[in-house]
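First comes one chain, alone, set out as structure tokens in the form predicted alone.
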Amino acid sequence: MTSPLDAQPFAFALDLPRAALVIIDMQRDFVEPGGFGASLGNDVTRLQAIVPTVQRVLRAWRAAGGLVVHTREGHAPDLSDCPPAKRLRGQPSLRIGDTGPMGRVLIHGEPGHAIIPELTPLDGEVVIDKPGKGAFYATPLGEVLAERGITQLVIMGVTTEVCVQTTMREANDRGFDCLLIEDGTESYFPEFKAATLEMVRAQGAIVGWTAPSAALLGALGADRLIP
């Protein structure tokens, strides 16, 4: 049984047993001071501001019994899965693999690679480690979703125009219906987030739908139960 929720460009029919909540790259390296995001000169407080919303949705989704997927961008300690073109681009104060305040930047097992404590995955939740921007590239995500009969993705996380949008476009090409939670995603650049929301839902949801978290919580019956 589907639960319609108010979305753009038109209502999204949520089918919870066939849906997964995908939380993208809410890692210390992107969200906290001293990480990779800050090393690029970005204001990480913009990303920190969505954490309460992501928490509320995550609690409601767990309570409803839905599948949860977390992603982490990062690389092997020997950088064998990090192309030089990615590591050497630009002039950041810290490059991928360099040692910073939270250990080696975007390296598996380092403190900065971890998901922030407020959103720590529970035992049994899916954690996808990805070497690129999209969650499907060089990962088992497609197989994991197929095994569970998932056809819809509800997406939150960072950053809107990079890893979030890339994952949505990958998913769209694979036949998934995707709903992006507007106040559960953020960019270091507000104009980039706004443009991405418009691109995603343009031309009859050419990439996917967007909706505020309140609409999703209402469809889950959790709008009055989850503070």
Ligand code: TIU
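The first residue of the sequence shown is number 1, and the count goes up from there. What you see is a predicted model, and the numbers here were worked out from it, not measured in a lab.
Quick note: we don't show the form predicted together with tricarbonodiimidic diamide, though the next part is all about it.
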#### Entry: Contact flag, T159 vs tricarbonodiimidic diamide in the predicted complex, heavy atom cut 4.5 Å
yes
### Query
Does tricarbonodiimidic diamide come within 4.5 Å of any heavy atom of A63 in the predicted complex?
no
### Query
Applying a 4.5 Å heavy atom distance criterion, does V68 contact tricarbonodiimidic diamide in the predicted complex?
no
### Message
Can you tell me whether C163 touches tricarbonodiimidic diamide? I mean in the predicted complex, with a 4.5 angstroms heavy atom cut-off.
### Response
yes
### Summary
Answer key, tricarbonodiimidic diamide contact in the predicted complex at 4.5 Å (heavy atoms) among R104, H75, K133, R95: the residue is K133
### Task
Heavy atoms, 4.5 Å, tricarbonodiimidic diamide in the predicted complex: which of 49 to 57, 174 to 182, 193 to 201, 35 to 43 makes the cut? Say which one.
35 to 43
### Task
Check each residue of 7 to 38 against tricarbonodiimidic diamide in the predicted complex and list those with a heavy atom within 4.5 Å, in sequence order.
D25, F30, F36
